[in-house]
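Take a look at this single chain, the form predicted on its own, given in structure tokens.
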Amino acid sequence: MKPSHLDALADVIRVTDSGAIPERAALRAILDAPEDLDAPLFEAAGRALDRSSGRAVYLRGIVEFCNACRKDCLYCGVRRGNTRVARYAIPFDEIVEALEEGYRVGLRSFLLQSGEALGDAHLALVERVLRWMKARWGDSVRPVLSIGELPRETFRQLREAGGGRYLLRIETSDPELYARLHPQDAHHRFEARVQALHDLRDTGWQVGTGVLIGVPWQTPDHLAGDLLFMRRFDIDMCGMGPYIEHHDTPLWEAREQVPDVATRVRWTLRMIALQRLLLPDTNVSATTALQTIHPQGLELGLGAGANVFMPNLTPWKYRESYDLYEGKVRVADSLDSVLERMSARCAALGRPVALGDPGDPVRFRTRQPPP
């Protein structure tokens, strides 16, 4: 191993331990280092996790309640322009039935995820579910929304209805790369994405974001910039995973420029570990995409510093149509058996699953009281 890579890691650990922000060049050197840097990097991330958030793994039950989308992002299987996907919107009664099942097994954080489908009916459904959750369970659960960019006043309205956490992935913090991954029209402005993150923070949400890792034209320098963007924004949650191609998207044509699977996995794990070092008391997911691209994705993600995973509560008949990327993990087993199996995998790493706990990120609790 080149001494410069070890020096870069030592420098990042020293700087982050002091609460300061490391240099971009040091982060880039770590992301681009040989494989034998992984062990000391992941060990450092584990120590940071132990000191800040502890060893527990928190669960976030996900309901993918609608796959309609007004966006036409070039990498996404449910983009507006994909006419091959069967569109759906889950009715209110089926959504709350899925949530009830999650609550029964001990989940206390629920992610309502959809395409970016603006419109009165869509937003009214979201608000109705939030108010139902608030009336049903009060402050014992944390609703999480991931439904795209919205007007500031709508963020405020949904917050008042009971929403507490919001995940809005930036996908890349580099404006030029963002432009290459999205159509050039009024619906896909980098500035609007960033403004929405500011609006979420200003209206009192726990704010999460994240990036796609391994897209065409991306470099370790882009990823280093993404880490610094999330650090300076002072996010509460992070969900980032490897890019997985989909043949019904325009980016399929650039698949030869996609890094191989091993590189995407390595970059993803290093991004998780560095995120843990830069913001040690945030919640970081071992994403479904990581578990899709590698059979040990859960173990690898937790070993790199993640502390959240998301069991899928979406009714089975809809899951195939929430087709963001190819090969997405879909398990037909009962929720009880899935949780039993995943909990055992976590326990084998010395990471107990925290059932009955909504898992508020320490960073948000120290900034202001949870909702």
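The numbering used is simple: start at 1 and walk along the sequence shown. The shown structure was predicted, so the numbers you read here are calculated from the model rather than taken from an experiment.
Keep in mind the form predicted in complex with S-adenosylmethionine is missing from the figure; the text below concerns it.
- Only one of the listed residues (I244, V258, I90, V265) places a non-hydrogen atom within 4.5 angstroms of S-adenosylmethionine in the predicted complex, and that residue is I244.
- Only one of the listed residues (L212, A286, L223, M237) places a non-hydrogen atom within 4.5 angstroms of S-adenosylmethionine in the predicted complex, and that residue is L212.
- Using a 4.5 Å cutoff between non-hydrogen atoms, W137 does not count as a contact of S-adenosylmethionine in the predicted complex.
- Residue contact with S-adenosylmethionine in the predicted complex: L324 places a heavy atom within 4.5 Å of it.
- Although the partner is absent from this view, G115 contacts S-adenosylmethionine in the predicted complex, with a non-hydrogen atom inside 4.5 angstroms.
- Interface membership of Y75, defined by any non-hydrogen atom within 4.5 Å of S-adenosylmethionine in the predicted complex, is confirmed.
- Figure note: of the listed segments 269 to 277, 92 to 100, 195 to 203, 168 to 176, the one touching S-adenosylmethionine in the predicted complex, with heavy atoms no more than 4.5 Å away, is 168 to 176.
- In sequence order, S146, I147, G148 are the residues of 138 to 155 having a heavy atom within 4.5 Å of S-adenosylmethionine in the predicted complex; the partner itself is omitted from this view.
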